[in-house]
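Consider the single chain below, provided in structure tokens and representing the form predicted on its own.
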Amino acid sequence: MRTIETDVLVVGAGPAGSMAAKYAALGGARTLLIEKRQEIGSPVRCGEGVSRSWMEECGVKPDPRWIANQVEGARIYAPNGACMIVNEKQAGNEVGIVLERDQFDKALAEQAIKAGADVLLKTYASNITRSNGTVTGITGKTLGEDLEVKAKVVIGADGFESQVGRWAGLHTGLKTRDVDATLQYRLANIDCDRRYCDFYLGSIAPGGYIWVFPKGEDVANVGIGVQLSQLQGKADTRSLLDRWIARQPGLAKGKPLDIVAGAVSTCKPLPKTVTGGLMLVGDAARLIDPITGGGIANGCISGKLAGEVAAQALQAGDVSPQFLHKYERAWRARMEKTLLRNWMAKEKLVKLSDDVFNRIIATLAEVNLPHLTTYTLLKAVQEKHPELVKELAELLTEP
């Protein structure tokens, strides 16, 4: 068995994991980042839309290597075809840049390496190790060889299917209403307006939406997310998307360059994301926007915070739950209120009829909101159609 000793072990080299490794290393910690796949960033399981708003906070500079397209904003379509256009600043964390996600993930891992982190590929954890209730590392395999990594702090960045948190006794289970099944094509030879990311709402995608994110003049990611509890069978997601594409002349002529399927959590954040010697970040901590299903920005922000706290814990010689709770307080102060509000809104939105969606989009298209949040959207609708939001009264308190 191969044995490695390090200060900080990060499990998973997605955006959250690479950010955690980068900032732990910058803080002076010996840091090891492990990734179960043979290539960071591949295969891609993402709509690839992201904003610029969080990048400076995380030390990420836009780079032509991973920018497929830069958009002006988003178009949000009601079931009757009515459209609401919002600019990039208004649109939120999924609009601004359409990524080449594999290159983006590699670039973030490069940042971690330049900061001093080591990386092992084709390396996975099969369990955690503990001493007196504190997580002290993992056991697993690297390139088929048995492996034990001894670490003073472990950061779980192992995504939607996270095992690290469950092994440590943190509650990471999901209900079917808090999971969206997703499927996406990259379609070529289509007609699309590369200035906008498009979102289509209503019964065409029960409990979710359809998206078209342009990657060029005639190439786009075209995908669907459907609440798992709304599906009748495993093939429903694909059949819903295929039927919708067939009705769009500009898309129906397209041919797929690839197809990806998966799932995304749309739940509340976990009640607890730390224990002795361990922190969870990004998708593993369920820090996904429950309305959009987007998680890159929150993943990077939480990874940065966790990496910083890990380095501080090592300097203090204290990896107790009490010390690591600094991370939990930090991410909750940064994003919890928005995530909880959006989860509550998601719970209501999945019950809306196409007619209500039509009326909401028509109302919003008439107003000019400086920034779109759940609160500002609902307040705008309340002013003209209070009956449409009477069931959402608890979301109409000041954020």
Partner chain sequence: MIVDNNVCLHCGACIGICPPNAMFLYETSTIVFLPHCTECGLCAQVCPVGAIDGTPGEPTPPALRKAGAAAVSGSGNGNGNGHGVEAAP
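Positions refer to the first chain, counted from 1. What you are looking at is a predicted structure, and each value in this text was computed from that prediction instead of being measured.
Not pictured, yet referred to below: the form predicted together with its partner chain.
One residue of A246, A316, A261, L257 in contact with its partner chain, assessed in the model of the complex (non-hydrogen atom, 4.5 angstroms): Contact residue from the list: A261.
Candidate from S131, Q322, S126, N80 lying within 4.5 Å of its partner chain in the model of the complex - any heavy atom: Residue within 4.5 Å of the partner: S126.
is_contact(T136, its partner chain) in the model of the complex, heavy atom dist at most 4.5 Å: No - in the model of the complex, heavy atoms of T136 and its partner chain never come within 4.5 Å of each other.
Contact flag, Q312 vs its partner chain in the model of the complex, heavy atom cut 4.5 Å: Although its partner chain is absent here, Q312 would stay clear of it in the model of the complex, with no heavy atoms inside 4.5 Å.
Exercise: L183 in contact with its partner chain in the model of the complex, heavy atom 4.5 Å: Yes, L183 lies within 4.5 Å of its partner chain in the model of the complex.
Interface membership of N189, its partner chain in the model of the complex, 4.5 Å heavy atom rule: Although its partner chain is absent here, N189 would stay clear of it in the model of the complex, with no heavy atoms inside 4.5 Å.
Which of 67 to 75, 175 to 183, 290 to 298, 149 to 157 sits within 4.5 Å of its partner chain in the model of the complex, heavy atom basis: That would be stretch 175 to 183.
Non-hydrogen atom within 4.5 angstroms of its partner chain in the model of the complex for each of R45, K122 and R238: Each of the three qualifies.
Contacts with its partner chain in the model of the complex - residues in 132 to 146 whose heavy atoms fall within 4.5 Å: Read in sequence order, the lone residue that approaches its partner chain (within 4.5 Å, in the model of the complex) is K141.
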